[in-house]
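Starting off, we have a lone chain in the form predicted alone, written out as structure tokens.
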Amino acid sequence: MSSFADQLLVLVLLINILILGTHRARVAIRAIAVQGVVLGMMPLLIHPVQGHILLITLFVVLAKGVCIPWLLFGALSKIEFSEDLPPFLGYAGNVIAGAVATVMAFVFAARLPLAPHHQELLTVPAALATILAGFIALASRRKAINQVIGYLMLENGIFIFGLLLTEAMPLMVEAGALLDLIAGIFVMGIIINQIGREFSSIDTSRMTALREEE
């Protein structure tokens, strides 16, 4: 893997921290879009350029960098959304949790019995750190739109793992994974719109206040 690819993975890790620490949903959506474009370009940097590698790159960049952010911005524009509700851990707590998760990912990756040509790469620790950051975003954020972004971070971490197998992985496997992701985003968009329509809020913590009528 080239040093430039390692620098892009460092950028991915910094974007994780940015998303965990920002209170603006639009900033988080733009950040996840940039992360998607960066990850979409990675196969070209770590594998020989072939036809299926180019198709994967084009598909991932369009899906992660254009289509999914466009859907999120569309959902955001149709609902009443306030930025004043902090995550359960607080913004500083989220950043600290993300930093600790990143350190833990590097420590854990160093202990894994990886293949010799994978031991010095940032791919595995970056993948683990991004997955953990996605879990933190999912668990700590109160707004459904931010939880969708956490889900995207989680999927991005899984995609980074897949970079190690891109040469052996057929195009349809990658396409199937991304189609599952897009389907999940559509479902989450429907849920967000429904919550906003029925309850005038997309604060998922309010769902605990629902009670069945006797």
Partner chain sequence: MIDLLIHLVLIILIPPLLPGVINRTKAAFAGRTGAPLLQPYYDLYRLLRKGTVFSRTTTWVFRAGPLVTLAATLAAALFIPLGNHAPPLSFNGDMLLFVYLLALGRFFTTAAALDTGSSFEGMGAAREVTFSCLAEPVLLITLLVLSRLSGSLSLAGILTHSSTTLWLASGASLILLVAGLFMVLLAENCRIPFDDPTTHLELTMIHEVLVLDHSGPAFGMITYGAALKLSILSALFLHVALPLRDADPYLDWLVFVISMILLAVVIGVVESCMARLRLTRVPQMLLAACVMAAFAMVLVVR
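Note that the structure is a prediction, hence the values are computed from the model and not measured. Residue numbers count along the first chain shown, from 1.
One more form of this protein should be noted, the form predicted together with the partner chain, which is absent from this view; the next part is about it.
The shortest heavy atom separation between Thr102 and the partner chain in the predicted complex is within 4.5 Å.
Taking the partner from elsewhere, Ala25 is found to have every heavy atom lying beyond 4.5 Å of the partner chain in the predicted complex.
Within 4.5 Å of some heavy atom of the partner chain in the predicted complex lies at least one heavy atom of Leu122. In the predicted complex, the partner chain lies farther than 4.5 Å from every heavy atom of Leu89. Contacts with the partner chain in the predicted complex, taken as any heavy atom within 4.5 Å, map within 5 to 33 to Gln7, Val10, Leu13, Leu14, Ile17, Gly21, His23.
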